[in-house]
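Take a look at this single chain, the form predicted alone, given in structure tokens.
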Amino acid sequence: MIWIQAIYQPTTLFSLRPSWTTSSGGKSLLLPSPYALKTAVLDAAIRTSGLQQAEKAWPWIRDMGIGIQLPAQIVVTNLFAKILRLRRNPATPGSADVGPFQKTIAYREYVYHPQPITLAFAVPDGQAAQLGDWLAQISYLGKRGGFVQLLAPPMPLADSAGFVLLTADVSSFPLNGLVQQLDDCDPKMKFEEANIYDSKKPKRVVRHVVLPYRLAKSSRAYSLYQHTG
């Protein structure tokens, strides 16, 4: 296995709801989950290399180890936003918001990363160049609209020292840590289950990752997390 580093500059705010939440309660994770990163690579593979090549590569994409370097601070903006939701019952004739959608409000969180997001991917030796090409094609992470810009060509790393591993089981719990539940691909997840155009549901596993952060300040409008390392 070889580690490949990719550094992305967020150009917009990041947001990614945990997979088990509803659309009304949009609490965001602080960082992209392994599932989101692997499906972003798969999306780039399909767009640039074709469906057959992406399906062939799916087993090692699914099994990639992933690490992340975290910034000194992370700020989360909390707000309520107006949204349109698909109407369940017909609207009253003559009402102002007739149509297939109804107006409502929803809680949303948007995460500000003040520094570039540095990621590390563990892949088989023969796939490093291919992964580098696909990492260059990723333009957003998390919810659509969370745009990122790759700052330099992906480079090999000697090891994963200095990275928080998102795909490893937690063996200890630091007192000043912040737990995040991040979904990842099940080791038996097939390509058909990752295909959003297939009726099969994706197989996910939930990983409990302890991040070195503490809540430093908060109000009804924002939360500031400080790195404890």
Partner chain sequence: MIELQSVFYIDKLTGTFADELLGAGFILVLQELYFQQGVKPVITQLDTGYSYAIECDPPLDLGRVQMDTRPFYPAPVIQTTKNQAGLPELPPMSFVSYEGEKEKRNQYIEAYKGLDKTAKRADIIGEAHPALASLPPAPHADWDIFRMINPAALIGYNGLMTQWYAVGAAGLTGTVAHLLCQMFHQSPNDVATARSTWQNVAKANGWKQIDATASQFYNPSQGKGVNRPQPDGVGLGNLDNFWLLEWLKALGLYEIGFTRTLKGVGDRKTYVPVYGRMTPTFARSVQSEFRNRMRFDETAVRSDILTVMRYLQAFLSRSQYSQGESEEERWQREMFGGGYRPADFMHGFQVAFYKDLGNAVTTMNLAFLNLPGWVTIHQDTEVETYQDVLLEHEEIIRQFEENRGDELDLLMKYRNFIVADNLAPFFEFTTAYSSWLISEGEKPGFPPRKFSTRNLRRLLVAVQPKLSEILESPGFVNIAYAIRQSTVVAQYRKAQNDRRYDVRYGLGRDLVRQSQYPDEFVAALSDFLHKYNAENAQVMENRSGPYRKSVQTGDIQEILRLIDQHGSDLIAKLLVAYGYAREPRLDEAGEPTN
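Because the structure is a prediction, the values reported are computed rather than measured. Residue numbers count along the first chain shown, from 1.
Not on display, but discussed next: the form predicted together with its partner chain.
- Query: Using heavy atoms and a 4.5 Å limit, would one call A158 a contact residue for its partner chain in the model of the complex?
  - Reply: Taking the distances in the model of the complex, the answer for A158 is no, it never comes within 4.5 Å of its partner chain.
- Message: Within 4.5 Å, heavy atoms only: does S199 come near its partner chain in the model of the complex?
- Response: Close contact exists here: in the model of the complex, S199 approaches its partner chain to within 4.5 Å, heavy atoms only.
- So, in the model of the complex, is P174 in contact with its partner chain at a 4.5 angstroms heavy atom limit? Within the cut-off, so yes.
- Message: Taking its partner chain as it sits in the model of the complex, is T118 in contact with it (heavy atom to heavy atom, 4.5 Å or less)?
- Response: Contact check for T118: no, nothing within 4.5 Å of its partner chain in the model of the complex.
- Query: in the model of the complex, which of the listed residues (A91, A136, A106, A72) lies with a heavy atom within 4.5 Å of its partner chain?
  - Reply: None of the other options qualify; the answer is A106.
- Query: Which of K56, R47, K190, K27 has a heavy atom within 4.5 Å of its partner chain in the model of the complex?
  - Reply: Here the answer is residue option K27.
- Query: Tell me which of 72-80, 122-130, 147-155, 91-99 has residues with heavy atoms within 4.5 angstroms of its partner chain in the model of the complex?
  - Reply: Every other range fails; the passing one is 72-80.
- Item | Contacts with its partner chain in the model of the complex - residues in 206-223 whose heavy atoms fall within 4.5 Å | Counting only heavy atoms within 4.5 Å of its partner chain in the model of the complex, the contacting residues of 206-223 are H208, V210, L215, K217, S218, S219, R220, Y222.
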